[in-house]
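One chain comes next, on its own, written as structure tokens: the form predicted on its own.
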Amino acid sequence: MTEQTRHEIEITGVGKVFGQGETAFHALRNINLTIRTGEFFTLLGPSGCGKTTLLRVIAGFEQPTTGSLSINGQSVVGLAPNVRTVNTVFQNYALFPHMSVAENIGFGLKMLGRPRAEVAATTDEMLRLVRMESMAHRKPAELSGGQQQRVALARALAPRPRVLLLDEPLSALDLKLRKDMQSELKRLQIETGITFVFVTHDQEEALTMSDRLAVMNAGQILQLGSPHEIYNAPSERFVADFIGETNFLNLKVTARDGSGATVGLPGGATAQARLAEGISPAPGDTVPAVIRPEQVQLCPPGEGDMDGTVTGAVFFGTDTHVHLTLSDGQPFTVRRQNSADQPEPANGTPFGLRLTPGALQILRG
């Protein structure tokens, strides 16, 4: 397999500037990114981070100010959206209200001049793929939000694009339906083998569906990797804070070794910490460290790595988030699995905190 066939999208040094002079806005800054053929790739970040602008550059709705972009090994800079081998699903679905489900799905094929028999066969195939065979003759107004989204997906998939771009397509759905559609999207991507590029600000969507994801902020990619890599080994504070809940601690380095560092914990104990890529703290440095709430266990006072006092507890059904203050005043949260015989800890209760070995990490910045 060649490099070009493995890499569906290659983006090199892409920048996008809106406006000129002092009022110019740099929406994208030196984006370098390769998206593999057949993967579910997610652009994740807060509003205004540049993720939708990057999606629009890939689609051809915006042209890059600088840099290069290729799809399937062919440069597409300057090409209009309709001549690129991509399709886009938008937030509002944009279905034709006067057409039936089947007519909506087949519309793009008709515009491409495909034979009538091919349009009919492909429409039937797409209806089966999104499990809407019984609704082929309904109009969009007769469908639920989730059903309308499936029609929009089927319509986008019908021409068999090499890449399907999805711009926050689940944002208008309620929580339960959104979770159901997360599974449906992943199923569709696996069954079709098409490269999906998904834009979202929802960390759960990114973690549950993606093969890889890029965390963006201020027009830049801060970290790229699998959901497991980014959740368990964030490179810097913004990534750690944006992906899931976490505890931040300011700790002093007491010793260094080749792959990590020893840090002093509140209360006087020490612990081993992993280092984010590219940092090399020296003994005596005060560094930002991170550990997830589920990587800590409550235990009797004095029997853990440090001690804390409960300041509140929030019940989430399957677990409870126990909020504490450490002995040096730093706030800390522990996620504790619930059981029927386990009472909610009262404010003022002292606990020991036992850290999972290897879970503590020192971040950049």
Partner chain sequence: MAGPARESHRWKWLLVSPALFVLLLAASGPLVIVLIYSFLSPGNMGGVSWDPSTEAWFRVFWSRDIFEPELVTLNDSHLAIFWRTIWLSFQTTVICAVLGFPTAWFIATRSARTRMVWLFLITIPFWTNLLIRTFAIQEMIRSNGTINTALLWLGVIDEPLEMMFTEFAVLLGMAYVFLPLMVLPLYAAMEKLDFRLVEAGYDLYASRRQVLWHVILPLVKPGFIAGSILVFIPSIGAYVTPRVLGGGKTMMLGNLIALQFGQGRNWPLGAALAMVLLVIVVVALIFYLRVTGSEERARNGRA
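Predicted model only: the values in this text are computed from it and were never measured. Numbering follows the first chain given and starts at 1. Rigid core (definition): largest C-alpha set, two forms, superposition within 1.5 Å.
The protein also exists as the form predicted in complex with its partner chain; that form is not presented, and the subsequent description refers to it.
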From the candidate stretches 87 to 95, 268 to 276, 281 to 289, 205 to 213, select the single one in contact with its partner chain in the predicted complex, where contact means a heavy atom within 4.5 Å. 87 to 95
Going by heavy atom distances of 4.5 angstroms or less, which of G225, G146, P81, P293 would be at the interface with its partner chain in the predicted complex? P81
Interface check vs its partner chain in the predicted complex: of A218, M111, A121, A255, the one with a heavy atom inside 4.5 Å is M111
Spell it out for me: taking its partner chain in the predicted complex, does every residue among E22, R29 and H201 have a heavy atom no farther than 4.5 Å from it? no
Closest heavy atom of E142 to its partner chain in the predicted complex, within 4.5 Å or not? yes
Is the gap between A172 and its partner chain in the predicted complex 4.5 Å or less for some heavy atom pair? no
So, in the predicted complex, is F315 in contact with its partner chain at a 4.5 angstroms heavy atom limit? no
Are any of the heavy atoms in P161 no more than 4.5 Å from a heavy atom of its partner chain in the predicted complex? yes
For a quick test of reading the superposition: does N72 move by 2 Å or more at the CA between the shown form and the other one, rigid core aligned? no
Quick check: M99 between the shown form and the other one - does its CA shift reach 2 Å or more after fitting the rigid core? yes
